[in-house]
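Okay, so here's just one chain, in structure tokens, the form predicted on its own.
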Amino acid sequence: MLVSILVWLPLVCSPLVYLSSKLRKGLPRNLAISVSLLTFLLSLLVIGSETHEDWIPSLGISYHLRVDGISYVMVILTTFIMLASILASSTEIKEREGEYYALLLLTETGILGVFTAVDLILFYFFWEIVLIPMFFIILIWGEERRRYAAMKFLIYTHLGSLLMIIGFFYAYWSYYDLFGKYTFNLFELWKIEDFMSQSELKLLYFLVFMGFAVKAPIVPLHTWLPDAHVEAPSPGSVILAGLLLKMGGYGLLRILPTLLPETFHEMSVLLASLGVISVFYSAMVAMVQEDLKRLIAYSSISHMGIAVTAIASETSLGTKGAIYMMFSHALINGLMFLLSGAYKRRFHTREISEIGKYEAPILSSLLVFGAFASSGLPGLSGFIAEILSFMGVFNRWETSIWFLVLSAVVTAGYMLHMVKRVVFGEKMGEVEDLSREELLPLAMLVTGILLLGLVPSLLLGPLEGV
């Protein structure tokens, strides 16, 4: 029951948040903060919670939500990032507040549902829910090219989702043909693998994989992401990087290997290869970016590539490393996207050559901190994430994939080059530094990065036995 309350609470409260805009300016934000804070506190308590009821029994569709160790970590990440994003929104969102905060809460319900659903139709229902509010957040509150970015986001991710649902129905009908029973239960459908031909299995793998690969995103299916990140409002970029990308990673980690364990093993080398390509291709593209937000967007693809490669290793350390990387990446890139928004509000540009002309000590210090965290500096969360991921990959392929370690060097290269130009270039004057309102969500993310860098057991504890 508790997991159901957690998942549906934001959605139930979203109409109240929308209607509150007619009473008083600022009330939608305050209500959204209250709801997201309550949701975060509930998320700390849901591990082990499960709800399983028949929904449409004649079709084998059930209302089945469950929170195990992996889901628990992703649920906490969702509620934490959403709280930080809502807190950060007040500096950018000045119009149509009721609609904006209601859409954020709808997004939260969809993401929480993805991370807890066991029935694949329910999983797909929540997966598609997320698409709608994020489309409108980019379209309404985005920047100059927001229409193009919103449509590209919609088309890419929806096409991937359509292939995924076709795969789910393929598995569903195959199960019925084999066992004479309808079910969309993830932990039942894997039985079909022993009775299907290799060509059928490869087709099913491809269909389901495409939905997750687009969302992750894996190169060359990544091109929607830089545009969506750059045009979305900064809190929207935090949600895109911190949570929507993790939906793809979660699918590759939990859904695909559970549905097709043997086929996933056979295809793991190809998946790892795509992960490595994503790591280095995106890092190289990030090196030549002049727009700070676009640089951060490409660094997101690169870091998710490390997580994908770790998932492909199929080792315990690789799994933990992938989850740690996804959690750490959400905090670090969330911080960086909020900082890019702070620069944009002050300079009306994100061009690195322009924003480096003025001094803002606190803003600059946090940018240096974020760059160090992204580069995997010891004592910060990115270091633990990379170490676990690399060890998991080496346990599977040993020295044949040693060059993956170079990704940390490449990341440090483009991040430190950016810091040099923004922080240590020749200054022409000072600008207003970060306000208290801006500092609160940034402080939350910095605290998370430090805690996970110094006390890894906070995240690894729930993952024992994975």
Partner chain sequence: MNLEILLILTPAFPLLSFPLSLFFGKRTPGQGAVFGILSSLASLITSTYLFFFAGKPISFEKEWIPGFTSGLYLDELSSVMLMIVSGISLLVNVYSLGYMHGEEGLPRYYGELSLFTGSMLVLVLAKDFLILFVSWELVGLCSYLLIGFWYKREEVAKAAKKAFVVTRFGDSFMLLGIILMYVSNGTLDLVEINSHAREMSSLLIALLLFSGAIGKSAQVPLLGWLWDAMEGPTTVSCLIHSATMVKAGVYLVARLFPYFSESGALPVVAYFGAFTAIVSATMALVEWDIKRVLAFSTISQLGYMFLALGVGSYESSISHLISHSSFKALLFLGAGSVIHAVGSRDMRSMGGLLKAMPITSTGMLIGVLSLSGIPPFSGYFSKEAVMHSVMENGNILLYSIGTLTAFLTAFYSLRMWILTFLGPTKKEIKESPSVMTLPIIVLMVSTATLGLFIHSGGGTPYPLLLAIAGLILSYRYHNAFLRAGPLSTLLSKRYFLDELYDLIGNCFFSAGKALDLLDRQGIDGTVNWISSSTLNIGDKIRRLQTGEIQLYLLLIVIGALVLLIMTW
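Numbering follows the first chain given and starts at 1. Remember, predicted model here, so these are calculated numbers, not experimental data.
Omitted here: the form predicted in complex with the partner chain. The next part is about that form.
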Whether residue 408 contacts the partner chain in the model of the complex should be assessed with a 4.5 Å heavy atom distance threshold; does it?
yes
Check residue 298 for me: does it contact the partner chain in the model of the complex (non-hydrogen atoms, 4.5 angstroms)?
yes
Check residue 52 for me: does it contact the partner chain in the model of the complex (non-hydrogen atoms, 4.5 angstroms)?
no
Would residue 284 sit within 4.5 Å of the partner chain in the model of the complex, counting heavy atoms only?
yes
Within 4.5 Å of the partner chain in the model of the complex, counting heavy atoms only, one of 193-201, 330-338, 252-260, 372-380 shows up; tell me which.
372-380
Of 419, 33, 439, 42, which residue is found within 4.5 angstroms of the partner chain in the model of the complex when only non-hydrogen atoms are counted?
419
Contact residue in the model of the complex, from 316, 223, 353, 273 (heavy atom within 4.5 Å of the partner chain)
223
For the stretch 240-263, I need every residue with any heavy atom inside 4.5 Å of the partner chain in the model of the complex, listed N to C.
none
